[in-house]
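Okay, so here's just one chain, in structure tokens, the form predicted alone.
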Amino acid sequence: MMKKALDLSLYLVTDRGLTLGRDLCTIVEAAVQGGVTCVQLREKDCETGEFVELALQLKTLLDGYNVPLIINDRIDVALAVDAAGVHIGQSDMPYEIARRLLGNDKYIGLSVETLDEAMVANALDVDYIGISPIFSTQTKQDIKQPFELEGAKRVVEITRHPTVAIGGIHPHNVARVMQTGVDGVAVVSAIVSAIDPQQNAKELSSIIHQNKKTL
């Protein structure tokens, strides 16, 4: 059975450290109700058991909305909860091994932090690439020079993969990001830290669809 293409329009990346003390599942549900199309569970400092438990809770929730759950980095967790796929970075498990472990029916996204990495990714059968970061951001400080809008446009030109932009994106700049030709944007604090996550997701979703380039 062929995998259907992921809807990358509004891609939420979680961070429990930014929830302002609120329950993550509550925020995610509100975000999905507001228009989030894909959710990545990102837990860098979490015991495996806790990670699996949280992933199961989110998967049950997201299945009800038909929204895919992507696990950041941890292939074992993705397999344990039968997530839709994983997202890996340049220093995580090599793509070929990840694909062998997950099989062809799961999604694999790959972060690229330079134009060269985007070119190299053309030789890989990944399902999408994350262009990271577009702008500088507080949520991820171990990354290279921001792409900015011109860099994002260049990646879109040279890649054969669907693209999602991440890093410092919020309602005031998302239109310009979408105008680079990316397929969608990923956000963290713009939704996770929002006073009203549903309303912020709704606003982002509306701007994204108004500015999405069609073939």
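Just so it is clear, the structure is predicted and the values come from calculations on it, not from any experiment. The first residue of the sequence shown is number 1, and the count goes up from there.
The same protein also exists as the form predicted in complex with another copy of the chain; that form is not shown, yet it is the one meant from here on.
Student: Check each of 66, 60, 48, 26 and return the one that places a heavy atom within 4.5 angstroms of another copy of the chain in the predicted bound form.
Tutor: Of the listed residues, the single hit is 48.
Student: Consider residue 79 of the chain shown here, and say whether it contacts another copy of the chain in the predicted bound form, taking contact as heavy atoms within 4.5 Å.
Tutor: The answer is yes: residue 79 has a heavy atom within 4.5 Å of another copy of the chain.
Student: Does any heavy atom of residue 100 come within 4.5 Å of a heavy atom of another copy of the chain in the predicted bound form?
Tutor: Result yes; residue 100 sits at the interface with another copy of the chain in the predicted bound form.
Student: Determine whether any heavy atom of residue 106 comes within 4.5 Å of a heavy atom of another copy of the chain in the predicted bound form, and answer yes or no.
Tutor: Residue-level check for residue 106: no, no contact with another copy of the chain.
Student: So in the predicted bound form, does any heavy atom of residue 117 sit within 4.5 Å of another copy of the chain?
Tutor: Outside the cut-off, so no.
Student: Would you mind picking out the stretch of 48 to 56, 180 to 188, 160 to 168, 146 to 154 that comes within 4.5 angstroms of another copy of the chain in the predicted bound form, counting non-hydrogen atoms?
Tutor: Comparing against another copy of the chain in the predicted bound form, the contact stretch is 48 to 56.
Student: Can you list, in sequence order, the residues from 58 to 76 that come within 4.5 Å of another copy of the chain in the predicted bound form, counting heavy atoms only?
Tutor: If the 4.5 Å heavy-atom criterion is applied to another copy of the chain in the predicted bound form, 58 to 76 yields 73, 74, 75, 76.
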